[in-house]
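Shown here is one chain on its own, the form predicted on its own, set out as structure tokens.
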């Protein structure tokens, strides 16, 4: 595997899985505006996933569809934060805010990479993610004093920290104003450890591809 492929797969898998989960709010979000917003954000995330898969696929001698759908669940490199199926609005918005804060740190690091293709991809994604961050920040400002939202942030914060490598975690803490969690709280939440929800999502997400492996496209 090329040196940059693991980083691209981490980004792509995070964006694909999160985009899939956020698409589940289509038709059931609490307002019409949020129904449209979550649908648009989900589409963008999956588009970012495809772009990262295509760059990784060029290194790995395969294609984006195969990377997205032909691997087994345990082969995905996504973080547990994006795998969680969150069925209440407080947790969904808490994850939206925490993910965007963590992703902003990650994208900034990728933009500074010496690999021009990787840095260029990150810059393109960053331009679109700016709107995602605005949306998340708006909801954070609206809900940050609500007990249910604060409890959701506290619960999901270790997952958000674990999305990033160790050297980037202090920057995330500075952005959010939250204290880094203990190693004990990070157990079971680090990248490379998967939740049961991923296997469930994978079964749904790849069902068409597995039923017609020669012809299904996304």
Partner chain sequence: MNGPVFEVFRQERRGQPFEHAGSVTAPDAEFAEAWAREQYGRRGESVALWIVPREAIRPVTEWADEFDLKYRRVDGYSIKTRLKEARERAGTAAS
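Computed from a predicted structure; not experimentally measured. Positions refer to the first chain, counted from 1.
Below, we turn to the form predicted in complex with its partner chain, even though it does not appear here.
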Although its partner chain is absent from this view, report whether residue 127 comes within 4.5 Å of it in the predicted bound form, heavy atoms only. yes
Indicate whether its partner chain has at least one heavy atom within 4.5 Å of a heavy atom of residue 173 in the predicted bound form. no
Does any heavy atom of residue 62 come within 4.5 Å of a heavy atom of its partner chain in the predicted bound form? no
Considering only heavy atoms, tell me if residue 168 and its partner chain come within 4.5 Å of each other in the predicted bound form. no
Position in contact with its partner chain when the complex is considered in the predicted bound form, options 58, 178, 51, 186, heavy atoms within 4.5 Å: 51
Segment that reaches its partner chain in the predicted bound form - one of 109-117, 127-135, 73-81, 96-104, heavy atoms within 4.5 Å: 127-135
